[in-house]
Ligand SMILES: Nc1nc2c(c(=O)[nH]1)N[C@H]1C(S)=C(S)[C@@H](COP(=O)(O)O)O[C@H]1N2
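This document starts with one chain, in the form predicted alone, laid out as structure tokens.
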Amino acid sequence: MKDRRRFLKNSGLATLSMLVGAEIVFASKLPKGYLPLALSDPETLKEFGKMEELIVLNDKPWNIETPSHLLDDKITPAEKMFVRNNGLVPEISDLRTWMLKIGGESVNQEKTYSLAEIKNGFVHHTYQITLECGGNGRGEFYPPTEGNQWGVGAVSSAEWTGIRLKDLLQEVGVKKNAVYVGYHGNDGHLSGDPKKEAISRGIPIAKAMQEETLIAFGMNGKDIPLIHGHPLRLVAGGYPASVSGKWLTGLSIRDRIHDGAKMESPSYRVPCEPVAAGVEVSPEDMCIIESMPVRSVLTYPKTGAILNLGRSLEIRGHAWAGELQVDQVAYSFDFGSTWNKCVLDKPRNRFAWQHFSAKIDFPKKGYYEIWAKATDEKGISQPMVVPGWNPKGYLNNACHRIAVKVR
């Protein structure tokens, strides 16, 4: 597969156009070493252990979306998990040399752990944790915003195994003035500059001390796949997935909000107060995203399904609500005029998504849309249309909908 990619990258424009099957418009503007997505998708997805139905949005860095009907599993398998990277995927050779360094202004003693010391020196915990990109749903905002134009598939809920971050912090000792825990990873900056970090975000100290916040080394009963952060990553459910740093090599215990790469405004921030669509917002008027909003996704049937009149249709899906629990999910097939409750399961543990289902009988032949709307334990529901616009296209939790034809 690597040989194939090398061949393609070394091919001339005429060869690439022939393989694509059409003239590559603006071929002269292709970045050096860039491989058109039409040629890179299948081999790349196989190399990453992904199903070919996943959608490659970007390859510098890799960003891969999962179509909603492939999210039907209660626990998301590795081959169906979305990918959101900010830098270059590292090459991992000798795990014996992998080290995790703990430092910062608010740690009592700086200390470095080997991978073996992490695995053997602390109690292991396993939780199912939902991770969602802050930009999930960005493609629906208008006017459009910059960034990967995600549909609804930048979310997963895998089973993670590791040690509690709080156990590690308690061992090294955290000072009373601790405010934030920033992470550092081994992913390379897109520029290739070794002095720059691709991303270095973090979480408030209270979030770091939650029972379910993990330094994980296992996913779904196996080692974490490389594309998802092998051999170590942070997993902090309920917050945007960008706080769950991959390829973890360091943690900084800060006496202030962490100031690493992608912590600066407007990255992973939204206006502190609502703004009109398309307006510019000053950096000081942007607030860091913490708990994600309530959301749901229909995973069965696949949009475009056709069924015979008189046959009941079973729908399925998942719902989640950041730091909160989902209280109810309802569906509508009359464009939101009326709503009917779904059967909603309790979460397996905190930060796991909740499964919902319902049976629908249609009154006559024709075209229908099924809408799903989740409500959290504070009574906040998903909006039926795209919520307030923001410059980076974050936090779109509008109702998911699929199309069905009855014949």
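A residue's number is simply how far along the shown sequence it sits, counting from 1. Fair warning: this is a prediction, and the values are worked out from it, not measured in the lab.
The form predicted together with the ligand exists for this protein as well; it is not shown, and the discussion that follows is about that form.
Q: Let me know the one among V297, V235, V83, V294 whose heavy atoms come within 4.5 Å of the ligand in the model of the complex, would you?
A: So the residue touching the ligand in the model of the complex, by this definition, is V83.
Q: From the list D187, E212, D327, E159, which entry has a heavy atom within 4.5 Å of the ligand in the model of the complex?
A: Flagged contact: D187.
Q: Heavy atoms, 4.5 Å, the ligand in the model of the complex: which of 316 to 324, 246 to 254, 110 to 118, 70 to 78 makes the cut? Say which one.
A: Looking at the partner contacts, the answer comes out as 246 to 254.
Q: Contact with the ligand in the model of the complex for C133, defined as at least one heavy atom pair within 4.5 Å: yes or no?
A: Close contact exists here: in the model of the complex, C133 approaches the ligand to within 4.5 Å, heavy atoms only.
Q: Verify the contact flag for I199: yes if a non-hydrogen atom of it lies within 4.5 Å of a non-hydrogen atom of the ligand in the model of the complex, no if not.
A: Result yes; I199 sits at the interface with the ligand in the model of the complex.
Q: Please check if F217 has a heavy atom lying within 4.5 Å of any heavy atom of the ligand in the model of the complex.
A: Although the ligand is absent here, F217 would stay clear of it in the model of the complex, with no heavy atoms inside 4.5 Å.
Q: Although the ligand is absent from this view, report whether Y268 comes within 4.5 Å of it in the model of the complex, heavy atoms only.
A: Output for Y268 is yes: heavy atoms within 4.5 Å of the ligand.
Q: Is it the case in the model of the complex that P301, H355 and W371 each bring at least one heavy atom within 4.5 Å of the ligand?
A: No, because P301, H355 and W371 lack any heavy atom that approaches the ligand to within 4.5 Å in the model of the complex.
Q: Taking only heavy atoms into account, state which residues of 209 to 238 are within 4.5 Å of the ligand in the model of the complex, ordered by sequence.
A: Stretch hits, in order: I227, H228, R233.
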